[in-house]
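For reference, the chain that follows is the form predicted alone, supplied as structure tokens.
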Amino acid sequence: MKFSQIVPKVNHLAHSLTNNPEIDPDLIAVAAIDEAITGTISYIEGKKYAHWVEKTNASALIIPPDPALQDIASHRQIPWLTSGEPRLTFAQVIDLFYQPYRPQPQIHPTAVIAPGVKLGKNIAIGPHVVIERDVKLGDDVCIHPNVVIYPEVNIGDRSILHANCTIHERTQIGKDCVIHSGAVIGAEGFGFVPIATGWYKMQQSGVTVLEDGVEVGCNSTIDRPAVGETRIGKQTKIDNLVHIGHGCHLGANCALAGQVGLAGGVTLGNRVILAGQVGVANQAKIGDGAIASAQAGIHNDIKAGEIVSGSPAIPHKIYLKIAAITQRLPDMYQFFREQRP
């Protein structure tokens, strides 16, 4: 693909073809800036990587709107696009070179489909899929091998279920959702009532609902509650190995990184970001736009827009001050030891 063919297909502010129309290389792939070779296009985001413009082997670049970077690239005869969001533009370029594998619409003969299942148009159902009674699949749904779908599940148009995921009874999955391999959606929540002889199992009669555009990573779990629903808001993205307990309610456009764990009844507002290994205690509420850094332990409610760190989680600015003091503790200890009579 020629560089000039990419230009009209992505968002950008300016490009070098206006000044150097003769520099129009053939591009065959995308690459990280430190691994780029001839024939690839890469990107620069921020000052940390700006020095790579002077030494990259990429044949084309996406760069911030920085005249100095443009001049360096032009001097090296590397065509460029400028973008206010270079990473986003790079993601759009990847779409031009790569699309995930998707089988052709068909039902594999080894699939087991119960009577009464309603199938939309252009459905792809892979080998050894099991679909129980009263399931409804929308148009263009793709189900990869070994997926198991329990009774009364609804799955919206264009959703994709990757190999070996399991969807439990009465789960509702919206349009354009992606469930990755090994994920379990709508399994029983952890509900046990203590009694004199041990535990009484509380049946989990509720449902799990994923709104449109939700993506769930490999080996993640989202549990259904005893009553009511567990709900994941539209366009929320969940990484691998995440656990979402029964009765949680997540708002729209949240992002949960790997190994996040939410206890039962947690509520997240819209656009909440939880970094890796964040743990949230039972019934905690986190406001819109809040951010928790890696390994934060959240035991209490977090206000909208707040950034927290540490365990127990505290405001990030205070956490940084404590971390700075902690590094000085050995010297402080030695100082006070020497002051003793």
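Residue numbers run from 1 along the displayed sequence. Here the structure is a predicted model, which is why all the values come from computation and not from measurement. Each form is matched to the other, and the largest set of C-alpha atoms that superpose within 1.5 Å is called the rigid core.
What comes next is about the form predicted in complex with another copy of the chain, which does not appear here.
- Site residues His108, Val130 and Gly182 are all in contact with another copy of the chain in the model of the complex, judged by any heavy atom within 4.5 Å.
- Not displayed here, another copy of the chain is approached by Gly279 to within 4.5 Å at the level of heavy atoms in the model of the complex.
- Shown alone here, Ala32 lies within 4.5 Å of another copy of the chain in the model of the complex, counting heavy atoms only.
- Remark: Asn122 does not count among the residues lining another copy of the chain in the model of the complex, judged by a heavy atom distance of 4.5 Å or less.
- Shown alone here, Pro115 lies farther than 4.5 Å from another copy of the chain in the model of the complex, counting heavy atoms only.
- Only one of Glu215, Asp140, Asp134, Asp212 lies close to another copy of the chain in the model of the complex, with a heavy atom inside 4.5 Å, and it is Glu215.
- Scanning 189 to 223 for heavy atoms within 4.5 Å of another copy of the chain in the model of the complex gives Phe190, Gly191, Phe192, Val193, Pro194, Ile195, Thr197, Gly198, Trp199, Tyr200, Lys201, Met202, Gln203, Gln204, Ser205, Glu215, Cys218, Asn219, Ser220, Thr221, Asp223 in sequence order.
- Core-superposed comparison between the shown form and the other one: the C-alpha position of Met332 differs by no less than 2 Å.
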